[in-house]
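Next up: just one chain, as structure tokens, the form predicted on its own.
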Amino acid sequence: MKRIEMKYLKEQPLELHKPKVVSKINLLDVDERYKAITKATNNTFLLRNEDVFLDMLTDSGVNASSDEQLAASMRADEAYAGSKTFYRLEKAVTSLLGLPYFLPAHQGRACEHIISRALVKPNTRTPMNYHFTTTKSHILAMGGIVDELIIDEGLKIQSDYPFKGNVDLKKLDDYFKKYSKEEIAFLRIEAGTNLIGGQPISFENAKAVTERCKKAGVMTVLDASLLQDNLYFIKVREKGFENKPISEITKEFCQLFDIVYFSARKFGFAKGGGIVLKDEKLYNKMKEFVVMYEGFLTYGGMSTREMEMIAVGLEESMEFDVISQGPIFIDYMVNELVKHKVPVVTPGGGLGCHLDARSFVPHIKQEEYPAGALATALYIVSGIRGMERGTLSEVRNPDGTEKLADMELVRLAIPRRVFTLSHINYAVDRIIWLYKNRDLIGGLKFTREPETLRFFFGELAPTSNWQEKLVKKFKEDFLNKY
């Protein structure tokens, strides 16, 4: 794409696709939305999708499929073992990522499970740029310890630093002085650091980290689930990559690591995932876990139709016009909210727009889950389903006290090829209204709290009648306006 077109698209995003099939969505009135979030026990994961207008919970498994993907799905070989479809997918993955051995799995957290079972032993440590919820849970379940080595800039909400997902190299050097290779299971890098706002890591930093690990004898693992966004940022923000093809950047980046895993629900636009490795011995060890927990080696818990779609989706992800769409729309949404002084994570990253709940509702204590409360308030006033990424997503300390999160974010994911600019503008309008009335928002408390991954299915209630007051104010303002 020529520079002039790119400049225009950043200022005025355009959908570089056209719809061929559409799905109806419902915009309930505010009283119905209040009833729905109450029935869902104030957990946006427990809302019924029929009650959601814009589903910004995640971009995982909800991206729109292309016509080429759907066409490819019709040639799927449904064999249980030895499917031609598997070998097409294997060739697509290994040639694209540049590592020789491929194991299929049904999604990213299945890959995390297999890697953790193979590599994590009790009391071994896993350093990383920043944790992800399910990754951390799998490591902890195997008795491991997670250590975060993110640069200080990564935890600053507002910044113009282009690669906030970078590892602090000084911290890493000190880490290797403190712990021997026998004490470290592996080092993990997340490309497109989810919990700090989808912020990317630079190629230069990834190279420096993996070189240090090789010297220290420590295995390196890349979570490539959000790689497509990270590739975009490397190409447009990092010197020396502006003229390189996306496929070339992808291979060079992935070949820095010993193991790469991905959720195709994000990277590949279809439902599945996989692990690629350099080491044949480790590949053979992990095979057993695939068969035990996922399915046979040539489907790994995926349908063959999805596998065909992943192969095409990965190929499409090598097109700049495809991978630029998410970041451009996210950047637009972030900039529109910044104009109205709404606190958001900057610069705009991948995955979605992230509201800074700590600044949005500073009167709510972290123990009352400000990000979770803000997510419910946003649903009530808009029908938009977002995801809490804060203290609610953490695991309690061993003594039962809350582990307060570094950030309190509400993630508003933007699935690829799903929303139009008018949808984004609607979201911006409702968020601005909510920010002007933020003093009405109160906290939440658990009524039923699971021990593991509580944010998925825990049940909560408001700490006061603040939701009723919010509904009343909303009706007053919008009835007067319309």
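Start at 1 and count along the sequence shown; that's the residue number. Just so it is clear, the model here is predicted, and its values are computed rather than measured.
Another form, the form predicted together with a small molecule, is not on view; read the next lines as being about it.
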| item | value |
| --- | --- |
| Contact of residue 223 with the small molecule in the model of the complex (heavy atom, 4.5 Å) | yes |
| Contact flag, residue 356 vs the small molecule in the model of the complex, heavy atom cut 4.5 Å | no |
| Touches the small molecule in the model of the complex: residue 108 (any heavy atom, 4.5 Å) | yes |
| Non-hydrogen atom contact residue 102 with the small molecule in the model of the complex at 4.5 angstroms | no |
| Heavy atom of each of 134, 265 and 387 within 4.5 Å of the small molecule in the model of the complex | yes |
| Interface residue in the model of the complex among 85, 317, 194, 116, criterion: non-hydrogen atom within 4.5 angstroms of the small molecule | 194 |
| Among the candidates 437, 41, 60, 65, the residue which, in the model of the complex, approaches the small molecule to within 4.5 Å (heavy atoms) | 60 |
| Which of 367-375, 319-327, 154-162, 224-232 sits within 4.5 Å of the small molecule in the model of the complex, heavy atom basis | 224-232 |
